[in-house]
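Shown here is one chain on its own, the form predicted alone, set out as structure tokens.
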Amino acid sequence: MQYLNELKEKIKENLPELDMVVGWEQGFDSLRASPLFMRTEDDVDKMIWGPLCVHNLATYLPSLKGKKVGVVVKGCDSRSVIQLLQEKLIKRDDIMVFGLPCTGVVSLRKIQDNLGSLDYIESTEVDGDSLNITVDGTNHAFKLEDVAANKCSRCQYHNALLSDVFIGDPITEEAEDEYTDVDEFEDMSLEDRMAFWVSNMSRCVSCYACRNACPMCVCRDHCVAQSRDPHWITQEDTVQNKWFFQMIHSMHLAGRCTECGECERACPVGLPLLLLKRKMNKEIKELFAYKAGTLIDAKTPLLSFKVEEDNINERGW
């Protein structure tokens, strides 16, 4: 793939100074990529790059605190690195960021909706703006834009916003994100909105994959979902418990969520979890003119304090 050889060379060049570099390799079949932890040059040779590299590798950085770690990032991934740095959850001196320009990644869920099953993938080929997948001897051709993750159609950050090594030519085109999906949902009646979430939460299996995949969800050892002192959530399989957890999760991420979509990607039953996070971010943007993970020296609004907020008239009621 484009830029891959140059990226490998740069990683090998810097690997002696690092404990490891986190990238992607082919997973258990040709369609899926998996995180790759590179410690030797042989490991680097396994690395892949392209629209199949969907994971946000910044998720691993807090757990590798204290090590010298390199990480390969797309534009949306780099926002998570910046947000982690803002909150001092990782140290700048401990990480080396390898940035790449990204035109989008695929949604395995969209591909599965078209194919019916992803159990037996025989071969996968990315050719320009096309994706060819062979299943049971039959080739299926897709345009990448038709099976791209929803976040990619509104991406404003195709290039890594933070990088020590940037590979490739920066992409200058940017989409607009007016939160139209949130607006459309808000246009629904309260009853329809509640019915929508009750229906979705009834499908939740409480696996917490959304939490585990989130790069900003770093308090897993003290998560309200599993805490017994205090005891916030029971083990009952109820919509109320599941909805309670998702609301707490969304509030904890208000102003911190970089909208990488890992929560939604990791969900085994396809819940539209990013809609909750984007609703919070829309409010944060309107109230505080802030977008998570875009400015390394900024302060997250709900993790800081101002006596008078510019867009909140507390004293003029």
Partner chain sequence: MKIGVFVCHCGSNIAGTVDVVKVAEEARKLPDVAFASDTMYACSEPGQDGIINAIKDLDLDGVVVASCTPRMHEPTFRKTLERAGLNRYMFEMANIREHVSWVGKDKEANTKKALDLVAMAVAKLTQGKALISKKFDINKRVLVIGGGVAGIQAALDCADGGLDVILVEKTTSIGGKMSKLDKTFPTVDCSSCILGPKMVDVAQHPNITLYAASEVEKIDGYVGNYQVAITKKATYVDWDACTGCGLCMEKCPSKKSTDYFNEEVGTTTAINILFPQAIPKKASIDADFCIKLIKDKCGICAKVCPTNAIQYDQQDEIVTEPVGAIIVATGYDLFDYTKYGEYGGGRYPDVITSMQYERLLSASGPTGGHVKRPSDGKEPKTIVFIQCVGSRDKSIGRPYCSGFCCMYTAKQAILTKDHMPDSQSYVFYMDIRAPGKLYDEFIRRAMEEYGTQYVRGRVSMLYPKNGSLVVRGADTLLGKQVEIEADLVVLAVGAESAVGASKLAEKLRISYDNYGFYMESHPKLRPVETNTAGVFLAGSCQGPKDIPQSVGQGSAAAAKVLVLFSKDQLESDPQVSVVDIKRCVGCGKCIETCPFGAIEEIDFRGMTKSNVIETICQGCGICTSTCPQGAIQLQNFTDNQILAEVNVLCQQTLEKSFE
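Superpose the two forms; the largest set of C-alphas matching within 1.5 Å is the rigid core. Owing to the predicted nature of the structure, the values given are computational and were not obtained by experimental measurement. Positions refer to the first chain, counted from 1.
This next part talks about the form predicted together with the partner chain, which is not shown.
The partner chain in the predicted complex is approached by R256, whose closest heavy atom lies within 4.5 angstroms of it.
With a 4.5 Å cutoff on heavy atoms, R79 does not count as touching the partner chain in the predicted complex; it lies far away. Though the partner is left out of this view, E176 does not reach within 4.5 Å of the partner chain in the predicted complex, counting heavy atoms only. The partner chain in the predicted complex comes within 4.5 Å of no heavy atom belonging to K291. Only one listed stretch (121 to 129, 106 to 114, 233 to 241, 145 to 153) carries heavy atoms within 4.5 Å of the partner chain in the predicted complex, and that stretch is 233 to 241. Exactly one listed residue, out of A141, I171, C219, C207, brings a non-hydrogen atom to within 4.5 Å of the partner chain in the predicted complex: C219. Proximity to the partner chain in the predicted complex, taken as a non-hydrogen atom within 4.5 angstroms, holds for one residue of K65, K46, R39, R32, which is K65. Interface residues of 11 to 27, taken as those with a heavy atom within 4.5 Å of the partner chain in the predicted complex (partner not displayed), are absent.
Once you line up the core between the shown form and the other one, the Cα of E17 stays within less than 2 Å of where it was.
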